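A single chain, nothing else alongside it, follows as structure tokens in the form predicted alone.
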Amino acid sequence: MPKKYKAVKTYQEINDRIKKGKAVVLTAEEVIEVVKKSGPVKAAREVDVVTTGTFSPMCSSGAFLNFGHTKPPIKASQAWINDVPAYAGMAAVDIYIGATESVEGDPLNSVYPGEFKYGGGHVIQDLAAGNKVKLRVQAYGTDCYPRQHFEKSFTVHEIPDAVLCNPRNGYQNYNCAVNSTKKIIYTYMGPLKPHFGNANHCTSGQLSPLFNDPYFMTIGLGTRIFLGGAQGYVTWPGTQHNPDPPRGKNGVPLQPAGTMMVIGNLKEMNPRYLVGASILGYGCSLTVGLGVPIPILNEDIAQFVGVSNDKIFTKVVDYGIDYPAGTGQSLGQVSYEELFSGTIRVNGNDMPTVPLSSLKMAREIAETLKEWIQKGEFLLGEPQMLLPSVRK
């Protein structure tokens, strides 16, 4: 647990420095050497903000859309966007498009392995790009909402509301996936070759947001973030948030742990940072660009942002046997330094590593967020409630 040093700076003091153009802002990679050379005490006084970034498939993502009232009015009971089913069980003209929903008529895995060429994540990318999409709505009709059919094409800027709302993003660590069986398998971690032919992993390591604040000392309801190329917010702990997993001596979780629920204005977002994904043999998803600024409020936080890939570990899981059987077994641990080296050795097997998360894009996001802060275009949002750090 953190040592709970006294505060060195407050959110208000850091924001005042940002407004005056005096804030010292470093990326999560840049700060490692500072903490290593100067120590956390001096680093806490010299550095104001550390920026993080990740760009990975985040299946638990989607968007709320309000397509506007029609004449005569309609109360949607079923809806499709570019033939991808959307959820219409809300108010009359509110719908939710989920990232993993496949286009209607997709053969799915009946033609194995399915290609899943278009789905909800691709719809969200089209919306962020300002492309025209086609809405189709059916309804059962009521006295106040008599219309039963409606179709229209629109861009994201031609409807009243478009809100990206992702229930679970920014996973704090994730499994390294391998396959011990005799055949190739297709998983949400990508294709895994037989006989330990590859090892797939999916975080940006030392750049990843929740690795830099392992006990959620600065992240919670109201934290302002980089989301899809625009400013967004953390709104709640993400689904499956696990605040007290096994941890290393440095406090960093050794397995999947914390998550964030995030929200932002889709109309302001950039398709460079919201990309529809087709995962062979598994399904559709959305690759999300996410960055969180970590304010250096005290020496504890300065110590945590100094974490490097050689000190971050995850477990290796056999997705051919143990994962589908739910055994919870692990084949061992590897560091992210090993994973990013391109090869790991597990149970006597050397295997190439395959990242599902783009390190290049994670760096771009951390650098972009750094620039926004340095220009005074992005102020820190002080959370009204921190993410839970113990299980309730």
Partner chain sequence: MGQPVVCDLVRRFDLTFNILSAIIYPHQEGRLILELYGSRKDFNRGVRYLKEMGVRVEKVGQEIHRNENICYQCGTCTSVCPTSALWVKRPDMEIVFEPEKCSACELCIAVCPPRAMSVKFNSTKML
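Numbering follows the first chain given and starts at 1. Please read all numbers here as calculations on a predicted model, not as lab measurements.
The following text describes the form predicted together with the partner chain, which does not appear among the structures shown.
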property: Lys193, Ser278 and Met361 each touching the partner chain in the predicted bound form (heavy atom, 4.5 Å); result: yes
property: Proximity to the partner chain in the predicted bound form, single hit among Asp300, Asp94, Glu115, Asp83 (heavy atom within 4.5 Å); result: Glu115
property: Proximity to the partner chain in the predicted bound form, single hit among Leu339, Ala43, Leu26, Cys59 (heavy atom within 4.5 Å); result: Leu339
property: Residue stretch of 340-348, 31-39, 325-333, 65-73 approaching the partner chain in the predicted bound form, non-hydrogen atom distance within 4.5 Å; result: 340-348
property: Partner contact for Val47 in the predicted bound form: the partner chain, 4.5 angstroms, heavy atom; result: no
property: Exercise: Gln138 in contact with the partner chain in the predicted bound form, heavy atom 4.5 Å; result: no
property: is_contact(Asn198, the partner chain) in the predicted bound form, heavy atom dist at most 4.5 Å; result: yes
property: Partner proximity in the predicted bound form: Thr287 to the partner chain, non-hydrogen atom cutoff 4.5 Å; result: yes
property: Residues from 337-357 in contact with the partner chain (non-hydrogen atom within 4.5 Å) in the predicted bound form; result: Leu339, Phe340, Ser341, Gly342, Thr353, Val354, Pro355, Leu356, Ser357
